[in-house]
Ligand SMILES: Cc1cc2nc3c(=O)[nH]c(=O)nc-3n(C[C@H](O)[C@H](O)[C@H](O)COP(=O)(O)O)c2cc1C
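Consider the single chain below, provided in structure tokens and representing the form predicted alone.
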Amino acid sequence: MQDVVQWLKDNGDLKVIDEPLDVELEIPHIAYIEVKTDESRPILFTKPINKRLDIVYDMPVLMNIFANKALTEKIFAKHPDKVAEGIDKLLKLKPPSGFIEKLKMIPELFALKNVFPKRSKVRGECQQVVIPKAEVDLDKLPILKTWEEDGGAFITMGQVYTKSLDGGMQNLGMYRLQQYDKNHLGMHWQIHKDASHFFDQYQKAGKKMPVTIAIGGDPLYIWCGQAPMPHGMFEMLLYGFVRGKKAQLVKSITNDIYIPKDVDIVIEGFVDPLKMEIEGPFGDHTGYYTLKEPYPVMEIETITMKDKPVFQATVVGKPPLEDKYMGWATERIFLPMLKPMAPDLIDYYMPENGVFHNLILGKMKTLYKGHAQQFMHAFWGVGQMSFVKHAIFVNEDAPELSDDLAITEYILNRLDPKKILITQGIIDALDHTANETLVGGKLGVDATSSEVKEGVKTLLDDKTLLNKMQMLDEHILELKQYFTHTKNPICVITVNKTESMKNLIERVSILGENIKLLIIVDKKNNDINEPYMLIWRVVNNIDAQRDITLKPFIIIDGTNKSKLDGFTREWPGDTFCTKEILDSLQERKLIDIDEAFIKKFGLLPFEN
């Protein structure tokens, strides 16, 4: 991994694009489309430019490093399940009872010596070039602007290294970083993150907070930065465990924070606890823009880099994205860490179109009444799992959780309104649906029991049911039923929303003989024939306490909310590509997509 580009050429079928391309929209659009293709590959852009600023950059941009599952496994040098097995063994270690047991334990204990990073006293490759404060200019880095409505350019694959006020804890996080000018960055660390907790310590003490940002190097660094490690544990410990060798760290030049010696670019500076700036908007991994909010600002003291650095970046927006594969590895590796608080958990799965925190499926060995509800509360009460909005639990006899069709059928055959728990709890800072920030509705579904006895009493075809519904409400435009062979067919309708859906729900509630599960979405920008994106839309758009009705049948309001619904917060827009950019890239044969592809993944707005 010393030369990531060469490694990707040898192992990842690296695509190299030598045509000059703009860091504003062009490069991100190509990467965004590539990761959605069936044969997604990493891409090296060798000639990035900025037309608006008239800049030709002297370093390439590397994107889609975690381009697919096979490549992600190669980056780890083993299947993530193998890493999980090692963690599971450590969690179950017991004092040896005799000499033979002590001998058996030696290999496992010997492996632990590699967990702790090695801190060097000499400079690393990342400090071959040192740019003093007076010459710092972020414009010389090919920082990307992904979406037309973004508030500016953002570093999207920055490894953010921080430490507590007393120096006792160090943290590695992955946060977006907005470029304000030549020497200032916005620090989007959310209130629940360790870096934000450290910031609070410095703020109370009235001291500036040192921060070091690294870009590049071993791709496993950035994965560790987003891994849900327990509070207070330095993520580079996980790096050493996965790699089987110590992380090699060097001290930053202007502060005491240690960073990997082989990263490509290092940005060092301080955050003034008294200074905040508006950050955003930013088209985020939810597929929506996160809105403008005040965040801390980093003033840069120095930038160091390799002689020939490579600028790593990622693109976020609507799924599927690169985080699909990063999340897959996280999901597999952290399964053993969930089992101590939920011992009968067999497996779990976070579908990428559920944007991870919006939907989780769990398979469990059900031992007693209320066991699934116990799991729900356990999940909602621990670490980053506490941000999960919708949790569905199935029994051990269920199909593979990642077998989308089979598991959906299993759940629908066991869906019972009496076994649905709706409550309130903490939610992700990026969530836009709740009536207030940081706190919102939670949905728990217990599908661990036997199949329900009754299905729809009178199942109608789509055309007949649509006509019947349109007689009750003229705003209903389309209807499609899914899984009609199950006990709880899914009926999806699109609407032209001109009033609160509470009125529509009241009108159609007389159709209990024909419907058991109704989902409502806006006609605009939703394709009723694309269940993958419908799931993305609905789990993104609902607050369970406000938007789910259980009587006389289950109704889910997945429409955008506004003052019509008594919603007073600003509702963000979707992330959409810029049509002129897509057309230009298509003309130059840099992408190859058709209208079906564009509509399938919601690349552009549409009405029909």
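Just so you know, these numbers come straight off a predicted model, no measurement behind them. One rule holds for the numbers: they count along the sequence shown, beginning at 1.
Although not depicted, the form predicted together with this ligand is the subject of the following passage.
K.L.:
Looking at 219-227, 470-478, 389-397, 411-419, which stretch has residues with any non-hydrogen atom within 4.5 Å of this ligand in the model of the complex?
P.N.:
Of the options given, it is 219-227.
K.L.:
Name the single residue among Pro281, Gly444, Gly240, Gly173 that comes within 4.5 Å of this ligand in the model of the complex, judging by heavy atoms.
P.N.:
After the contact test, the surviving option is Gly173.
K.L.:
Given that this ligand is left out here, which of Lys133, His371, Lys193, Lys487 has a heavy atom within 4.5 Å of it in the model of the complex?
P.N.:
Spelling it out, the residue with a heavy atom inside the cut-off is Lys193.
K.L.:
Are any of the heavy atoms in Thr286 no more than 4.5 Å from a heavy atom of this ligand in the model of the complex?
P.N.:
No, no contact at 4.5 Å.
K.L.:
Would you please decide whether His188 lies within 4.5 angstroms of this ligand in the model of the complex, comparing each non-hydrogen atom pair?
P.N.:
Output for His188 is yes: heavy atoms within 4.5 Å of this ligand.
K.L.:
Is Val316 close to this ligand in the model of the complex, meaning a heavy atom pair under 4.5 Å apart or at it?
P.N.:
Close contact exists here: in the model of the complex, Val316 approaches this ligand to within 4.5 Å, heavy atoms only.
K.L.:
Even though the partner isn't displayed, in the model of the complex is Gln424 close enough to this ligand, meaning a heavy atom within 4.5 Å?
P.N.:
Taking the distances in the model of the complex, the answer for Gln424 is no, it never comes within 4.5 Å of this ligand.
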